[in-house]
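Heads up, the chain below is alone and in the form predicted alone; it's given as structure tokens.
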Amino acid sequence: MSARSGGRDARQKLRSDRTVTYLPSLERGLPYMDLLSPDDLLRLHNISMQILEEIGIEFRDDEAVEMWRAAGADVTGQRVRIDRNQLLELVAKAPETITVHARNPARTVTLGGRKTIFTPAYGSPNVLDLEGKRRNATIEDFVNFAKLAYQAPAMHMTGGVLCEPMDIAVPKRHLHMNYSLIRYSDKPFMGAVTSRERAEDTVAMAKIVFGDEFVNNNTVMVSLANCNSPLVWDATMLDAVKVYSANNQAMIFAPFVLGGASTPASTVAAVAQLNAEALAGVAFAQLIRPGAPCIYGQWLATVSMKSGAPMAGTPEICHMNMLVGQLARHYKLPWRCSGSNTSSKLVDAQAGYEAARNMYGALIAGANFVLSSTGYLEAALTQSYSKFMLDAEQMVMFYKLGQGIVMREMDETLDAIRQSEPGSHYLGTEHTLKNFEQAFFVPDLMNHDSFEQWSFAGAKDANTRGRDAAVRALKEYEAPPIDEAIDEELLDFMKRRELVIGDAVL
């Protein structure tokens, strides 16, 4: 019994001592899944253009409306109708690929074209904590998730609103989130979008880290603007767009789609509407700064007609993602979708099924920016420590799946076949000994032991293994270096801004 335990302990120590290998942007090796023929794609495009030309879209912001009026759009009140030729000329100014610089240049990533990046879940006010309890999120949780994202090999950005730290007043919350994203990880991060001033603070903090000129000429962060479907861009989101686009920082234009509620109850019609909404946002950014980096996309859920609740992992969501991907390639825009989504409240079979089906659809569809790849529960209301770790490991596997097949292996493997007699095995061949660690991905958190081995090790389910992995990762975390002068300047900026801002929500 002790010998078996020693062998298992040795294997566990080997895994825990393993150096993290950070994965670069995924270079897609899979073919795209195009659902529509060229004629049907053009028909879908034309319906979106009709929506913008005939129905129009509301920009509920006087400054934005005047910008559209000055550009020659048909404006009535806040309703803006945009000619398709004008729209497509503006959209064509947005770059096809975007490089997002990290404070550690080794973590810089590129997205768009055939390149994909993965990022954590966004926006939850609650956490499912290390004891398995659902509670309000705190700044300690936020810092913990920043540390976990930093250590995750396939997380290409630290994220944005990893969770809402409810123990910090709303007006100054963004300062603490920004600082945590910068200090506890050296990967790129996402900016605050809940007011013009908070976006300006985020840009100011980025300039402390990178310098004014570098930020003006390079993209160092990505921020998220949600369209208020159906067909409304509100002042809060537009203010954030004005700040980030003017400063050359990438914006995601993502209609918040509840299929059957905020869109018609039709897969194709939902995509036609969200396409019009997202393209209008991309075009607006080009009015602010021609060439401003933009990511076209959406947040997708279908609505249960039994309860009105959003659903994840349904077949229609996969179809929508494939249609959006095909449209994005038509417009030559990088595009965003969400990955490991689930409506489940626990890390259970539903969570696994829905997250895997959603993420598989996103990968097949060819998304370039996959938000909510890790930790997502309860339709974005909860961020789970356990699911974060389980998802992070899954994302390494999705990364490998997305790379496709390497044909150059064939010559070497033919020699291995020659060395083995029929009916024997390959376990001792030179090729196997040389390649066994890289040939097939072996997950740490999925258990493949016999029942007896699993029982002897504590009979832990996946949820428990995920929590244990989070505890271990936080214990082993080592902060990436940061220039002391930059750190001090960031803290001083926060202190000065907090004195000005106060705690009152205006």
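Residue numbers run from 1 along the displayed sequence. Throughout, rigid core stands for the largest set of C-alpha atoms superposing within 1.5 Å between the two forms. In this text, all values refer to a predicted model and were calculated from it rather than measured experimentally.
The discussion below concerns the form predicted in complex with a further copy of the same chain, not included here.
Visitor: Just one of 394 to 402, 193 to 201, 83 to 91, 165 to 173 has residues with a heavy atom within 4.5 Å of a further copy of the same chain in the model of the complex, so point it out.
Guide: Result of the contact check: 394 to 402.
Visitor: Only one of 232, 235, 130, 71 comes within 4.5 Å of a further copy of the same chain in the model of the complex by heavy atoms, so just point that one out.
Guide: In short, 232.
Visitor: Pick from 27, 34, 468, 66: which residue has any heavy atom within 4.5 angstroms of a further copy of the same chain in the model of the complex?
Guide: Result of the distance check: 34.
Visitor: Considering only heavy atoms, tell me if residue 211 and a further copy of the same chain come within 4.5 Å of each other in the model of the complex.
Guide: No, residue 211 stays farther than 4.5 Å from a further copy of the same chain in the model of the complex.
Visitor: With a 4.5 Å heavy atom cut-off, would you call residue 224 a contact of a further copy of the same chain in the model of the complex?
Guide: The answer is no: residue 224 has no heavy atom within 4.5 Å of a further copy of the same chain.
Visitor: Within 4.5 Å, heavy atoms only: does residue 242 come near a further copy of the same chain in the model of the complex?
Guide: So residue 242 does not count as contacting a further copy of the same chain.
Visitor: Given that a further copy of the same chain is not shown alongside this chain, does residue 149 nevertheless sit within 4.5 Å of it in the model of the complex, heavy atom to heavy atom?
Guide: The answer is no: residue 149 has no heavy atom within 4.5 Å of a further copy of the same chain.
Visitor: Output the sequence-ordered list of residues from 400 to 437 with at least one heavy atom within 4.5 Å of a further copy of the same chain in the model of the complex.
Guide: Stretch hits, in order: 400, 401, 404, 405, 406, 407, 409, 410, 411, 413, 414, 416, 417, 418, 420, 421, 422, 423, 424, 425, 426, 427, 431, 432, 435, 436, 437.
Visitor: Determine whether the C-alpha of residue 421 shifts by 2 Å or more between the shown form and the other one once the rigid core is superposed.
Guide: Yes, its C-alpha moves 2 Å or more.
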